[in-house]
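Encoded as structure tokens, the following chain is the form predicted on its own, with no partner shown.
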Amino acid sequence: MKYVTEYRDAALVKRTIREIERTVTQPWVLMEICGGQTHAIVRHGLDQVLPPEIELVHGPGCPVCVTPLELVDKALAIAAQPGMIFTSYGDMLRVPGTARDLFSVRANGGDVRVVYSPLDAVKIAQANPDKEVVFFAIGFETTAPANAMSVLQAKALGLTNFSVLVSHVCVPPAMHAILGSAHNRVQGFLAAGHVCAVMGYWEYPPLAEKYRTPIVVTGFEPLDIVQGILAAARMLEAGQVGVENAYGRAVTYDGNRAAQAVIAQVFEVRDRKWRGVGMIPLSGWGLRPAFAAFDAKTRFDVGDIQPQESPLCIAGQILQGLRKPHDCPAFGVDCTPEHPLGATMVSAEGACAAYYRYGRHFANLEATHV
């Protein structure tokens, strides 16, 4: 398949890794911002065949993982209400709230449905005028255009029984928070290619300059990732600062302006809590006042939510690149995909899920992949 097969060519990947070995002369810490990239790295064993000078740490680029616990608890309370159809992407159903998850709500009689598009939720609302239909609108910039379109479509159809529970977060403010932290270890970023396909990378040069940190826009196949690492290593070794696009087949500097316009029409920038990380100023989106009627957060009064995280879970430190999943004493013991303590163990893009699925229970496993 064009643009896939050639980016999984093991010979090209190995050749690029050898070039990385020739390039690096000192240790560097790089963060891949996207959970999809994390899974690709662990699945193909890329981190185990890179030279020891390159350390990869895993960023907060998993929207399911960073959805704040209080919003998960609110979703659970809304989903359990009578006359409710609660719709969501599939990997949210196993995300633990304080005491249960959406699967538990469904098992207890709640009408919780998995959808593959927010427009599916709009269709459900059309077909069930006697029910309230809520869509759990989570995601980074990648899913925001479709979620915004569902609100526009519902308004155009005159639907009064459709609303969205919004938990949108944005990548650049999270990068600011990581790089500005007193505990930061990150010296270079692999930026999320799918986010940049929507937003472009015009937001990144000021960030790179402020923190003197190279940023490379990177794809998701093995060759994409090692080429991104090579580009970042070359910039770091040369003392260069800037932004490089290593995913030119999908990303342009300006991004998708039409998609950005739809986002701006429906959403406005807001402060946002990130699960395990805390409040990051101006790091998310909420509905504009013109679309307040579609805001499930205000439509349904579920009372005061007092969330409580597991004291064993270190997901916040993992999402900030400070620790690895196998550093957690609960990993694979008290925390498994069947009985997760945090979202990073059950999300399709979670770092803990990747380490568990591909057997990375220890830090010193031998390389067995590429």
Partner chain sequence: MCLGVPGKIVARYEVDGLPMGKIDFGGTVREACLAYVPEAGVGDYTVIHVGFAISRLSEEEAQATLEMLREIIQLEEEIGPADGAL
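What you see is a predicted model; the values in this text were computed from it and never measured. Positions refer to the first chain, counted from 1.
Missing here is the form predicted together with the partner chain; even so, the following discussion is about that form.
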{"property": "In the predicted complex, the residue from Leu207, Ala80, Ile85, Ala259 that sits within 4.5 Å of the partner chain by heavy atoms", "result": "Ala259"}
{"property": "In the predicted complex, the residue from Phe300, Phe291, Tyr211, Tyr89 that sits within 4.5 Å of the partner chain by heavy atoms", "result": "Tyr89"}
{"property": "Candidate stretches 46 to 54, 327 to 335, 311 to 319, 61 to 69 - the one whose heavy atoms come within 4.5 Å of the partner chain in the predicted complex", "result": "61 to 69"}
{"property": "Distance check, Asn128 to the partner chain in the predicted complex, heavy atom within 4.5 Å", "result": "no"}
{"property": "Exercise: Val277 in contact with the partner chain in the predicted complex, heavy atom 4.5 Å", "result": "no"}
{"property": "Residue contact check: Lys155 to the partner chain in the predicted complex, 4.5 Å heavy atom", "result": "no"}
{"property": "Non-hydrogen atom contact Lys123 with the partner chain in the predicted complex at 4.5 angstroms", "result": "yes"}
{"property": "All of Leu76, Asn184 and Asp271 with a heavy atom within 4.5 Å of the partner chain in the predicted complex", "result": "no"}
{"property": "Within 107 to 130, the residues that have a heavy atom no more than 4.5 Å from the partner chain in the predicted complex", "result": "Tyr116, Ser117, Pro118, Leu119, Lys123, Gln126"}
